[in-house]
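One chain follows as structure tokens, the form predicted on its own.
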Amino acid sequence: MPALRFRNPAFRTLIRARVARVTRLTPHFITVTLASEEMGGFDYLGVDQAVRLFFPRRGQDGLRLPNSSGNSWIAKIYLIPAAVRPHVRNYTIRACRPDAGELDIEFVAHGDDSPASHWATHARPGDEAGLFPEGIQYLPPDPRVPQLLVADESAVPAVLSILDHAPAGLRASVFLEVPTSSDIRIFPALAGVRVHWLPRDGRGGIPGALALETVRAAALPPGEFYTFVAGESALPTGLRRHLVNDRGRPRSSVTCVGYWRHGRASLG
């Protein structure tokens, strides 16, 4: 039977939330904490679970949200006039505290040309946002098998969340590409997990290219292992091609997630 590639939460509804606080983690990473009284019913799955984030366009006084549950929001949002239609983006939930009615989303700050980067950089307590729970794609078929986790900065929050939820005894090689050395995080060491931070530090190039080059040259776990790779589309597709064609890994052992594509703006 082929491995399951996606799992959605059992309950999905659109939640209206407000910014509780904004925390600058490093020069290029910002955490926005969102709070809502409706968060108690949020079906949190952990690991790389995503949320569809709705936020207002520049100059809007408030946030217009479609009134819907399930995926019906997709059709209903286009009934909202374009001038007041919210932006919609997918982001990993970095942490969730349903009892406190809060969740954290981590953003990469890369200038005001990006609507999401601009919103996160300028967000203030009380600002409105919408949240719609999505699923998880990190689904190792056997947690006892060694793992390879690879990400550029857009997927660093997902991999860090995966490590937050790691079972005891996880064996993993982790490669995390970030813009600068100042973006490297310090977090509790996990026995059996080796983390390689890969700062570009002004070397230029498309995000993910350094991670791809490094992993191609790395000594990887012998025998069977599971791979989760996410980020700019050239990173997951390139690494899967390398693992399958050059290392003889079965395609089913690689979860390959393209979060964005260089030079192409996100829809919505």
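Computed from a predicted structure; not experimentally measured. So that there is no doubt, residue numbering starts at 1 and follows the sequence shown.
Form predicted in complex with a small molecule: not shown, discussed below.
Each of E106, P157 and R264 places at least one heavy atom within 4.5 Å of the small molecule in the predicted complex.
Proximity to the small molecule in the predicted complex, taken as heavy atoms within 4.5 Å, picks out 91-99 from the listed stretches 78-86, 138-146, 167-175, 91-99.
Only one of L239, L210, V47, A50 lies close to the small molecule in the predicted complex, with a heavy atom inside 4.5 Å, and it is A50.
None of I162, A116, A129, A123 but one reaches within 4.5 angstroms of the small molecule in the predicted complex through a heavy atom, and that residue is A116. Contact between H196 and the small molecule in the predicted complex is not found at the 4.5 Å heavy atom cutoff. None of the heavy atoms of R185 is located within 4.5 Å of the small molecule in the predicted complex.
Residue contact check for G258: one or more of its heavy atoms lie within 4.5 Å of the small molecule in the predicted complex.
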